[in-house]
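The data below hold one chain only, encoded as C-alpha cells and taken in the form predicted alone.
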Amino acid sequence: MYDWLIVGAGFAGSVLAERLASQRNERILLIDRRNHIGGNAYDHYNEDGLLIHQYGPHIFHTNSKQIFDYLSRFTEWRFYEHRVLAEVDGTLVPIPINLDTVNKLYGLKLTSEELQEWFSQRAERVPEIKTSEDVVVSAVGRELYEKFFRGYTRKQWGLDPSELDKSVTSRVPTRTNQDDRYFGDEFQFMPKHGYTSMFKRMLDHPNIHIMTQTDYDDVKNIIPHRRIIYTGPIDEYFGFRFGKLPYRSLRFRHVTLDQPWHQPVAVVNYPQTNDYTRITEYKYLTGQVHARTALTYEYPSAQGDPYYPIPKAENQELFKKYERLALTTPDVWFVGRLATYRYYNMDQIVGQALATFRRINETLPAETDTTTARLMPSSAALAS
C-alpha cells in the first residue's frame, strides 16, 4: 500500500514526491508514461557526447530565494544569463526589443530618452488591452509588432495575436536601455550537471519507488494507494467528459554539426522566415567544452504531446468545468501546468508544488484516512 500515487515525474510530481517522502516519511509510487524522469526538462548526452535538452531549451530563472534554495539541495549551479537574437529583415537583433534593437534595425543613434519618445510616437491607443496584439501595438506600435510578434505568434500558436489572451505577449518586456538579457530575475542559473542529474538526486529516497513507461490507467486499479497527486491533463483524468482542452504541441529536430559553434547566442528566433520558430545551441546553456555543437530546430504543431494551454476565453470556460469536478473529487490533488491548464515557468511549478505540500501538511495529518480533494489555483502557484 502506497500512501501516494503521483502521476507525472516532472517538476510538480518530483518536488511533491521528495517532500512527502522526506518530511512525512510517506511511501510514494511515482509514475510517468515516458521512459524517463524530469518531464519536459529532461536532458541527456546524445550519441556525440553533447548534453542536449530533449524537449527544447529550459532556462532556470526566479526571483524567489526560497525556490532557489530548495533546488540547491539537489544541484550545484552554473551562472548563466540567457540572451536571444531575432532575425528580422535579414539582421540579427536583440529580443526583447531594446535600444540596440531599434538603433541597429533602423540605422539610428537614439538615446534611451529618445527611444521612449520614439515608441510613444508609434504606439497605438488601445482603450482596453485584451489581446496579445493590443499589448504590443499599445507599447511599440504596429510596425515592430508586424516584424517581431505577429509572424512568430502565428507559427507558435496557429492563431493570430488578435485571437489570443494578452498574457502571451505580456511575458516579453520592452526596454529603452541596452539590457539584452531575456530575463531580469535575481537568480539566473543552470544546473551544473544538467536537469536529469538534479531530478535523480531529488528522487533518491528509499520511500520513493519510480515506474517509467507506465500509464495511470494501467495501474490505478491494480496497485493499492491511499491518495493521488495528478499532474497530467485534467481533461484526460476525467475521460474528456466535457470535451478535450486544446493544446499547442512541438516537434524537435536535433542535429550535431562538425564545428565548435554555429550561432552567436544560445537561441535565435525566426519571426519572419522559415517554418521553425527558433534554433537552440546547447553549449551556451551547459558550458560544455566540445569540438562539435548540438542544435535543436523547434517546429510548433497542432498534434503531439500537450505543451502549451491555448489562452482563449472559451478554453478557460471549458477548463472551469473540469476544475469544478476536480474540487469534488476526494483524495486527488491536481497540480502543475496540465492539471491546472495554465502556462507556468519552471520556478512557478516548483512554487506551486511547495505550496501544495504546505496545504497537505496543514489539512491532512500524516497516516489518517481523511478524504480531501484539492486543485491548486494559480494564486497558490506563486506562493513563496
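From 1 onward, residues are counted along the sequence shown. The structure displayed is predicted, hence computed values, not measured ones.
This protein has a second form, the form predicted in complex with a small molecule, left out of what is shown; the following refers to that one.
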_T75, T169, Q188, T293 - the one with a heavy atom within 4.5 Å of the small molecule in the predicted complex_ = T169
*Looking at I279, L245, I208, I95, which has any heavy atom no more than 4.5 Å from the small molecule in the predicted complex?*
I95
*4.5 Å heavy atom contact, N269 and the small molecule in the predicted complex*: yes
_I'd like to know whether Y45 contacts the small molecule in the predicted complex, with contact meaning heavy atoms within 4.5 angstroms._
no
*Could you tell me if Y182 has a non-hydrogen atom within 4.5 Å of the small molecule in the predicted complex?*
yes
*Give a yes/no on whether Y106 approaches the small molecule to within 4.5 Å in the predicted complex, heavy atoms considered.*
no
*Establish, in the predicted complex, whether T153, Q156 and Y343 all lie within 4.5 Å of the small molecule, using non-hydrogen atoms for the distance.*
yes
*Which one, 143-151, 111-119, 220-228, 98-106, holds residues whose non-hydrogen atoms are within 4.5 Å of the small molecule in the predicted complex?*
143-151
